[in-house]
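First comes one chain, alone, set out as structure tokens in the form predicted on its own.
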Amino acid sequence: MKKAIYPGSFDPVTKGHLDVIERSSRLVDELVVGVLNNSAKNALFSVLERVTMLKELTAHFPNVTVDAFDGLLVDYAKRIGAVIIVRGLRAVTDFEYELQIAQTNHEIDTDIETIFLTTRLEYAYLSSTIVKEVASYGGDISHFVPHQMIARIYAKYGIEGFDQ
């Protein structure tokens, strides 16, 4: 049984994230979406909020679970029995950084492999940072995030009047 982890901050979760979750869930028996608890980052949503949102958005995938973790990814992967790390690539600029991380992780634990999934072209530009920037000015984020998240994101910026 192949178990994989798709790690990230998911702050907030985007349509690009969901695309990688859907596609990678078809490649493995079990996929854990690992929400990184990174205290060094100033997150828009708490870890609990991100886990809750991802659970809602992935409930229809029978082989996907959501969990929070901190510390080294390879340590967490080993603890949960994952042998694959899934990473999404948007552009060539992502590749160099992700390759370094994958090689480092493989040095730490040779039993864990990293696979890269390129994002669909329609999401190649999309990042959580862009979503937050647009939302902070009240811009339209409906093309970037699932509709269930729109009002929650705007609410974090004190912008009301957006229905879910």
Ligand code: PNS
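All of these numbers come straight from a predicted model, not from anything done at the bench. Residue indices: 1-based, along the sequence shown.
Same protein, other form: the form predicted together with this ligand, not shown, and the subject of what follows.
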Which residue, T118, T104, S46, S127, is the contact with this ligand in the model of the complex, using a 4.5 Å heavy atom cutoff? T104
When the contact criterion is heavy atoms within 4.5 Å, does I80 count as touching this ligand in the model of the complex? no
In the model of the complex, L73 touching this ligand (heavy atom, 4.5 Å): yes
Is there a heavy atom of S25 lying 4.5 Å or less from a heavy atom of this ligand in the model of the complex? no
L36, heavy atom within 4.5 angstroms of this ligand in the model of the complex: yes
Tell me which of 134 to 142, 60 to 68, 110 to 118, 95 to 103 has residues with heavy atoms within 4.5 angstroms of this ligand in the model of the complex? 95 to 103
Within 4.5 Å of this ligand in the model of the complex: residues from 131 to 160 (heavy atom criterion): none
